[in-house]
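In C-alpha coordinates, one chain follows: the form predicted on its own.
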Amino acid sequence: MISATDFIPSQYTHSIEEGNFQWSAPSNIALVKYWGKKDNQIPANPSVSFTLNNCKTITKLAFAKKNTSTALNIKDDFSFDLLFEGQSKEDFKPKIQKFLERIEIYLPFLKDYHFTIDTENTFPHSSGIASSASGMAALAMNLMSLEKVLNPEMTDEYFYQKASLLARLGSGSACRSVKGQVVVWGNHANISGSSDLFGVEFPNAVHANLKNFQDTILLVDKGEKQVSSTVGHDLMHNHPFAERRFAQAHENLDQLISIFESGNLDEFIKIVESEALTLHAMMMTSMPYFILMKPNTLEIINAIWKFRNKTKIPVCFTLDAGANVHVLYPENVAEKVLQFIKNELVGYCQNGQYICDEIGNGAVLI
(Lines give C-alpha, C1' and ligand atoms only; values in the text may rest on other atoms or scores of the structure.)
Protein backbone atom coordinates (compact mmCIF):
# COMPACT_ATOMS: atom_id res chain seq x y z
CA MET A 1 0.00 0.00 0.00
CA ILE A 2 1.50 3.34 -1.06
CA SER A 3 1.60 5.99 1.67
CA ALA A 4 2.14 9.75 1.46
CA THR A 5 5.61 9.40 3.02
CA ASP A 6 6.72 7.45 -0.07
CA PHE A 7 6.64 10.78 -1.93
CA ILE A 8 9.03 12.61 0.42
CA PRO A 9 12.36 12.64 -1.41
CA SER A 10 15.81 12.00 0.02
CA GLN A 11 18.87 13.87 -1.29
CA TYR A 12 18.76 15.08 -4.89
CA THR A 13 21.60 13.94 -7.16
CA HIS A 14 21.53 16.87 -9.61
CA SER A 15 21.10 20.64 -9.52
CA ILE A 16 19.87 23.39 -11.84
CA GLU A 17 20.25 27.17 -11.59
CA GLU A 18 17.38 28.35 -13.78
CA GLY A 19 15.02 27.32 -16.52
CA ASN A 20 11.36 27.00 -17.43
CA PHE A 21 8.70 24.46 -18.31
CA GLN A 22 5.24 24.75 -19.79
CA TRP A 23 2.36 22.31 -19.33
CA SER A 24 -1.31 22.29 -20.20
CA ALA A 25 -3.79 20.41 -18.01
CA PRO A 26 -7.50 19.95 -18.69
CA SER A 27 -10.56 20.28 -16.55
CA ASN A 28 -12.56 17.12 -15.80
CA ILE A 29 -16.18 16.26 -15.18
CA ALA A 30 -17.08 13.79 -12.44
CA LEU A 31 -19.59 11.03 -13.20
CA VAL A 32 -19.63 9.77 -9.61
CA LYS A 33 -19.25 12.91 -7.50
CA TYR A 34 -16.87 13.62 -4.63
CA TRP A 35 -18.56 15.79 -2.00
CA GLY A 36 -17.17 15.88 1.51
CA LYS A 37 -13.55 15.48 2.55
CA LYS A 38 -11.33 14.57 5.48
CA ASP A 39 -8.10 16.30 6.54
CA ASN A 40 -5.36 16.87 3.93
CA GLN A 41 -7.75 16.82 0.98
CA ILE A 42 -8.64 13.15 1.43
CA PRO A 43 -12.03 12.38 -0.17
CA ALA A 44 -14.90 11.06 1.94
CA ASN A 45 -15.92 8.85 -1.00
CA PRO A 46 -14.36 7.66 -4.28
CA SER A 47 -15.19 9.42 -7.56
CA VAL A 48 -14.68 8.81 -11.27
CA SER A 49 -14.46 11.39 -14.03
CA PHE A 50 -14.11 11.93 -17.75
CA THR A 51 -11.02 14.00 -18.53
CA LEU A 52 -11.85 16.90 -20.86
CA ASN A 53 -9.80 18.02 -23.84
CA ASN A 54 -10.50 21.66 -24.81
CA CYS A 55 -11.18 23.32 -21.44
CA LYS A 56 -7.67 23.57 -20.06
CA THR A 57 -5.14 25.73 -18.28
CA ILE A 58 -1.76 26.45 -19.85
CA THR A 59 0.90 27.32 -17.28
CA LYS A 60 4.50 28.35 -17.82
CA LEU A 61 6.80 28.07 -14.82
CA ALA A 62 10.10 29.98 -14.90
CA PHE A 63 12.50 29.43 -12.01
CA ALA A 64 15.82 30.92 -10.88
CA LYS A 65 17.87 29.92 -7.89
CA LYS A 66 17.94 32.57 -5.18
CA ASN A 67 21.21 34.29 -4.45
CA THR A 68 22.68 32.76 -1.27
CA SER A 69 23.60 36.24 -0.09
CA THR A 70 19.92 37.22 -0.24
CA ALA A 71 18.62 38.38 3.12
CA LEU A 72 17.87 35.31 5.22
CA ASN A 73 14.20 36.07 5.71
CA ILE A 74 13.68 36.04 1.93
CA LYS A 75 15.77 32.88 1.51
CA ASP A 76 13.57 31.11 4.05
CA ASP A 77 10.27 31.95 2.42
CA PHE A 78 8.43 31.13 -0.80
CA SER A 79 9.13 33.61 -3.54
CA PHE A 80 6.92 33.83 -6.59
CA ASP A 81 5.23 36.18 -9.04
CA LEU A 82 1.86 35.23 -10.47
CA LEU A 83 0.59 36.33 -13.86
CA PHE A 84 -2.83 35.49 -15.25
CA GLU A 85 -3.06 36.05 -19.02
CA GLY A 86 0.06 38.22 -18.79
CA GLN A 87 -1.26 40.49 -16.02
CA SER A 88 -0.17 40.41 -12.38
CA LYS A 89 -2.86 38.64 -10.33
CA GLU A 90 -2.44 39.46 -6.64
CA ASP A 91 -5.78 37.97 -5.54
CA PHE A 92 -4.71 34.48 -6.70
CA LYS A 93 -1.52 34.62 -4.62
CA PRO A 94 -2.88 33.49 -1.22
CA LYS A 95 -4.16 30.27 -2.81
CA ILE A 96 -0.74 29.56 -4.35
CA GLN A 97 0.99 30.43 -1.06
CA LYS A 98 -1.23 27.93 0.78
CA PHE A 99 -0.56 25.31 -1.89
CA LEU A 100 3.22 25.73 -1.59
CA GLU A 101 2.98 25.43 2.19
CA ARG A 102 1.05 22.18 1.84
CA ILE A 103 3.45 20.58 -0.66
CA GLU A 104 6.79 21.78 0.74
CA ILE A 105 7.35 18.50 2.59
CA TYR A 106 7.20 16.70 -0.79
CA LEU A 107 9.27 19.27 -2.73
CA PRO A 108 11.95 20.51 -0.30
CA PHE A 109 13.59 22.67 -3.01
CA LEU A 110 10.68 25.13 -3.21
CA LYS A 111 12.27 27.85 -1.05
CA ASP A 112 15.56 27.67 -3.02
CA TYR A 113 14.04 29.28 -6.12
CA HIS A 114 12.12 32.34 -7.21
CA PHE A 115 9.24 31.26 -9.46
CA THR A 116 7.31 33.13 -12.10
CA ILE A 117 3.98 31.40 -12.73
CA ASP A 118 2.33 32.58 -15.95
CA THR A 119 -1.05 30.98 -16.50
CA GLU A 120 -4.00 31.25 -18.88
CA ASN A 121 -7.21 29.35 -19.56
CA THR A 122 -8.62 28.33 -22.94
CA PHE A 123 -12.11 29.01 -21.56
CA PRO A 124 -13.43 32.35 -20.29
CA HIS A 125 -12.37 33.07 -16.70
CA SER A 126 -15.27 32.94 -14.23
CA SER A 127 -17.36 31.27 -16.92
CA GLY A 128 -18.53 29.01 -14.13
CA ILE A 129 -16.16 26.23 -15.23
CA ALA A 130 -13.94 25.15 -12.37
CA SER A 131 -10.45 26.30 -13.29
CA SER A 132 -8.93 25.21 -9.97
CA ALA A 133 -8.69 21.58 -11.17
CA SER A 134 -6.92 22.40 -14.43
CA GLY A 135 -4.87 25.21 -12.86
CA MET A 136 -3.50 23.19 -9.95
CA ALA A 137 -2.84 20.17 -12.17
CA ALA A 138 -0.84 22.30 -14.64
CA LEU A 139 1.22 23.85 -11.83
CA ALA A 140 1.87 20.43 -10.27
CA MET A 141 3.13 19.07 -13.61
CA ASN A 142 5.59 21.96 -13.94
CA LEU A 143 6.93 21.47 -10.41
CA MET A 144 7.37 17.75 -11.06
CA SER A 145 9.30 18.53 -14.25
CA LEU A 146 11.70 20.55 -12.11
CA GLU A 147 12.00 17.74 -9.57
CA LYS A 148 12.73 15.27 -12.38
CA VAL A 149 15.75 17.39 -13.36
CA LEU A 150 16.97 17.18 -9.75
CA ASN A 151 16.24 13.44 -9.65
CA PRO A 152 16.59 12.04 -13.22
CA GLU A 153 16.19 8.42 -12.07
CA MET A 154 12.52 9.07 -11.26
CA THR A 155 10.17 6.60 -12.98
CA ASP A 156 7.21 7.75 -15.09
CA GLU A 157 4.81 6.00 -12.72
CA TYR A 158 6.23 7.88 -9.72
CA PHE A 159 6.21 11.16 -11.71
CA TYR A 160 2.49 10.95 -12.53
CA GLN A 161 1.39 9.60 -9.14
CA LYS A 162 3.26 12.35 -7.33
CA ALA A 163 1.99 15.04 -9.74
CA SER A 164 -1.55 13.87 -8.99
CA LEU A 165 -0.87 13.85 -5.24
CA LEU A 166 0.49 17.42 -5.38
CA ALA A 167 -2.43 18.61 -7.54
CA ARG A 168 -4.86 17.12 -4.99
CA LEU A 169 -3.34 19.27 -2.26
CA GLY A 170 -4.14 22.36 -4.36
CA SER A 171 -7.65 21.32 -5.37
CA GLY A 172 -9.11 17.89 -4.69
CA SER A 173 -10.50 17.22 -8.15
CA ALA A 174 -7.25 18.43 -9.77
CA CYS A 175 -5.77 14.99 -9.10
CA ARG A 176 -8.13 13.65 -11.79
CA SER A 177 -6.74 16.05 -14.44
CA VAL A 178 -3.22 14.62 -14.68
CA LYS A 179 -3.38 11.44 -16.77
CA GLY A 180 -5.98 9.20 -18.38
CA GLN A 181 -9.37 9.48 -20.09
CA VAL A 182 -11.39 7.94 -17.25
CA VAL A 183 -9.86 8.61 -13.83
CA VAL A 184 -10.73 7.19 -10.41
CA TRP A 185 -9.82 8.97 -7.19
CA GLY A 186 -10.42 7.39 -3.81
CA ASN A 187 -10.08 3.90 -2.40
CA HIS A 188 -12.59 1.47 -3.88
CA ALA A 189 -12.63 -2.23 -3.05
CA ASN A 190 -13.10 -3.40 -6.64
CA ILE A 191 -10.75 -1.04 -8.49
CA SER A 192 -7.15 -2.19 -8.29
CA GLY A 193 -4.60 0.50 -7.50
CA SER A 194 -7.25 3.03 -6.46
CA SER A 195 -6.04 5.45 -3.81
CA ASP A 196 -7.19 8.36 -1.66
CA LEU A 197 -3.80 9.99 -2.32
CA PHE A 198 -3.92 10.40 -6.11
CA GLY A 199 -6.05 9.72 -9.19
CA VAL A 200 -5.46 6.57 -11.26
CA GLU A 201 -6.42 5.69 -14.79
CA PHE A 202 -9.50 3.47 -14.71
CA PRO A 203 -7.84 0.03 -15.03
CA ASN A 204 -10.79 -1.98 -16.40
CA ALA A 205 -12.28 -2.34 -19.87
CA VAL A 206 -14.19 0.60 -21.40
CA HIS A 207 -16.69 -0.30 -24.14
CA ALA A 208 -16.56 1.51 -27.50
CA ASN A 209 -19.97 3.08 -26.67
CA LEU A 210 -18.34 5.07 -23.86
CA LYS A 211 -15.23 6.17 -25.72
CA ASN A 212 -15.05 9.47 -27.64
CA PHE A 213 -17.81 10.90 -25.46
CA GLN A 214 -18.71 14.54 -26.07
CA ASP A 215 -19.38 17.16 -23.39
CA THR A 216 -21.11 20.38 -24.38
CA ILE A 217 -21.04 22.78 -21.44
CA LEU A 218 -24.00 25.14 -21.28
CA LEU A 219 -23.03 28.34 -19.45
CA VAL A 220 -26.19 29.10 -17.52
CA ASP A 221 -24.63 31.41 -14.95
CA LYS A 222 -21.14 32.86 -15.09
CA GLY A 223 -21.29 34.70 -11.78
CA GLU A 224 -19.42 33.89 -8.59
CA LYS A 225 -21.06 31.01 -6.69
CA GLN A 226 -22.70 32.19 -3.47
CA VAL A 227 -21.21 29.19 -1.62
CA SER A 228 -17.69 28.00 -2.43
CA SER A 229 -16.98 24.31 -2.97
CA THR A 230 -14.67 24.34 0.08
CA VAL A 231 -17.52 25.50 2.31
CA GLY A 232 -19.88 23.01 0.67
CA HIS A 233 -17.51 20.10 1.35
CA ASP A 234 -17.23 21.14 5.00
CA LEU A 235 -21.02 21.09 5.39
CA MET A 236 -20.94 17.32 4.85
CA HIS A 237 -19.33 16.85 8.29
CA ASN A 238 -22.61 17.07 10.21
CA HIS A 239 -24.91 16.27 7.30
CA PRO A 240 -27.88 14.03 8.21
CA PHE A 241 -27.51 12.00 4.98
CA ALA A 242 -23.70 11.97 4.68
CA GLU A 243 -22.99 8.34 5.56
CA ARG A 244 -25.67 7.01 3.22
CA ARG A 245 -24.37 9.28 0.46
CA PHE A 246 -20.80 8.01 0.85
CA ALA A 247 -22.05 4.42 0.67
CA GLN A 248 -24.14 5.27 -2.42
CA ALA A 249 -21.03 6.60 -4.20
CA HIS A 250 -19.27 3.25 -3.65
CA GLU A 251 -22.34 1.38 -4.94
CA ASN A 252 -22.67 3.60 -8.03
CA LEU A 253 -18.98 3.22 -8.83
CA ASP A 254 -19.40 -0.56 -8.52
CA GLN A 255 -22.25 -0.42 -11.03
CA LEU A 256 -20.22 1.77 -13.39
CA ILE A 257 -17.45 -0.86 -13.53
CA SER A 258 -19.83 -3.27 -15.26
CA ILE A 259 -21.52 -0.48 -17.27
CA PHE A 260 -18.15 0.61 -18.68
CA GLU A 261 -17.53 -2.99 -19.72
CA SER A 262 -20.97 -3.64 -21.24
CA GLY A 263 -21.43 -0.18 -22.79
CA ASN A 264 -25.06 -0.06 -21.58
CA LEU A 265 -25.90 3.58 -22.21
CA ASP A 266 -29.32 3.48 -20.52
CA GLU A 267 -27.74 2.32 -17.25
CA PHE A 268 -24.89 4.83 -17.67
CA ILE A 269 -27.41 7.67 -18.00
CA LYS A 270 -29.31 6.58 -14.85
CA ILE A 271 -26.17 6.60 -12.69
CA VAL A 272 -24.76 9.87 -14.10
CA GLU A 273 -27.97 11.88 -13.79
CA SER A 274 -28.76 10.45 -10.35
CA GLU A 275 -25.27 11.40 -9.16
CA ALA A 276 -25.69 14.99 -10.41
CA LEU A 277 -29.03 15.40 -8.66
CA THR A 278 -27.76 13.74 -5.47
CA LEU A 279 -24.86 16.22 -5.33
CA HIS A 280 -27.31 19.12 -5.39
CA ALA A 281 -29.68 17.34 -2.97
CA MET A 282 -26.79 17.26 -0.48
CA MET A 283 -26.45 21.04 -0.83
CA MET A 284 -30.16 21.59 -0.37
CA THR A 285 -30.26 19.45 2.79
CA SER A 286 -27.13 20.70 4.56
CA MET A 287 -27.28 23.24 7.39
CA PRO A 288 -27.03 25.99 6.29
CA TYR A 289 -28.74 24.84 3.07
CA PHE A 290 -28.14 26.39 -0.34
CA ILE A 291 -29.16 26.01 -3.98
CA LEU A 292 -26.65 26.47 -6.80
CA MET A 293 -29.00 25.49 -9.63
CA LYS A 294 -30.80 28.31 -11.42
CA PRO A 295 -34.26 28.25 -13.04
CA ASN A 296 -32.60 27.76 -16.46
CA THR A 297 -30.67 24.75 -15.15
CA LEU A 298 -34.02 23.06 -14.50
CA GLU A 299 -35.42 24.15 -17.86
CA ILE A 300 -32.44 22.52 -19.61
CA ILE A 301 -32.76 19.28 -17.60
CA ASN A 302 -36.44 18.99 -18.46
CA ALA A 303 -35.76 19.73 -22.13
CA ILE A 304 -33.07 17.00 -22.24
CA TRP A 305 -35.45 14.47 -20.66
CA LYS A 306 -38.20 15.36 -23.14
CA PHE A 307 -35.80 15.15 -26.13
CA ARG A 308 -34.39 11.80 -24.97
CA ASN A 309 -37.85 10.29 -24.44
CA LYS A 310 -39.01 11.45 -27.86
CA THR A 311 -35.92 10.54 -29.93
CA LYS A 312 -34.37 7.68 -27.89
CA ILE A 313 -30.99 9.40 -28.48
CA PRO A 314 -28.69 8.58 -25.51
CA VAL A 315 -27.98 12.13 -24.32
CA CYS A 316 -27.82 13.01 -20.63
CA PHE A 317 -26.74 15.78 -18.28
CA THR A 318 -24.45 16.14 -15.32
CA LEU A 319 -23.73 19.09 -13.05
CA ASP A 320 -20.76 20.29 -11.07
CA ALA A 321 -21.17 22.38 -7.91
CA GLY A 322 -22.77 25.18 -9.91
CA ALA A 323 -25.58 26.09 -12.29
CA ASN A 324 -23.96 25.11 -15.59
CA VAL A 325 -25.07 21.95 -17.36
CA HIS A 326 -22.70 19.43 -18.95
CA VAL A 327 -24.50 17.66 -21.81
CA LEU A 328 -22.91 14.23 -22.34
CA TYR A 329 -23.44 12.10 -25.46
CA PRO A 330 -21.61 9.64 -27.75
CA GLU A 331 -19.77 11.02 -30.77
CA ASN A 332 -22.00 9.15 -33.25
CA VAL A 333 -25.06 11.23 -32.28
CA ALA A 334 -23.17 14.55 -32.08
CA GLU A 335 -24.82 16.13 -35.12
CA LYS A 336 -28.37 15.57 -33.83
CA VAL A 337 -27.55 16.59 -30.26
CA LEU A 338 -25.77 19.80 -31.33
CA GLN A 339 -28.77 20.70 -33.49
CA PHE A 340 -31.03 20.15 -30.47
CA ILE A 341 -28.73 22.31 -28.31
CA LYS A 342 -28.79 25.14 -30.88
CA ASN A 343 -32.55 24.89 -31.42
CA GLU A 344 -33.76 24.44 -27.85
CA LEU A 345 -31.09 24.98 -25.19
CA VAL A 346 -28.96 27.95 -26.22
CA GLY A 347 -31.73 30.34 -25.17
CA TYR A 348 -31.24 29.22 -21.56
CA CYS A 349 -27.50 30.03 -21.63
CA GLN A 350 -26.13 33.37 -20.43
CA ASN A 351 -25.44 35.41 -23.60
CA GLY A 352 -26.10 32.21 -25.57
CA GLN A 353 -22.71 30.84 -24.56
CA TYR A 354 -21.72 27.19 -24.59
CA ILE A 355 -18.46 25.29 -25.03
CA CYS A 356 -18.00 22.08 -27.04
CA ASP A 357 -15.62 19.62 -25.44
CA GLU A 358 -14.81 15.92 -25.55
CA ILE A 359 -12.84 13.29 -23.67
CA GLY A 360 -9.09 13.97 -23.59
CA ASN A 361 -6.01 12.27 -22.14
CA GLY A 362 -4.73 14.59 -19.43
CA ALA A 363 -1.80 16.94 -19.03
CA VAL A 364 0.62 17.65 -21.89
CA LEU A 365 4.16 19.06 -21.87
CA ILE A 366 4.36 21.94 -24.36
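Numbers for residues come from their place in the sequence shown, where the first is 1. Worth saying up front: this structure is predicted, and the values here are computed from it rather than measured.
The protein also exists as the form predicted in complex with a small molecule; that form is not presented, and the subsequent description refers to it.
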- Kindly indicate whether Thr59, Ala140 and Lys179 are, all three, within 4.5 angstroms of the small molecule in the predicted bound form, using heavy atoms. no
- Query: Just one of 59-67, 329-337, 37-45, 302-310 has heavy atoms within 4.5 Å of the small molecule in the predicted bound form; which?
  - Reply: 37-45
- Item | Any non-hydrogen atom of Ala30 within 4.5 angstroms of the small molecule in the predicted bound form | yes
- the small molecule contact at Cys316 in the predicted bound form, heavy atom, 4.5 Å: no
- Item | Heavy atom of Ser132 within 4.5 Å of the small molecule in the predicted bound form | yes
- Task: Tell me, yes or no, whether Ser173 is in contact with the small molecule in the predicted bound form, where a contact means a heavy atom of each within 4.5 Å.
- Result: yes
- Item | in the predicted bound form, the one of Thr230, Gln226, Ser192, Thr155 near the small molecule [non-hydrogen atom within 4.5 angstroms] | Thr230
- Query: Which pick from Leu279, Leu165, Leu107, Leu210 sits with a heavy atom within 4.5 Å of the small molecule in the predicted bound form?
  - Reply: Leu279
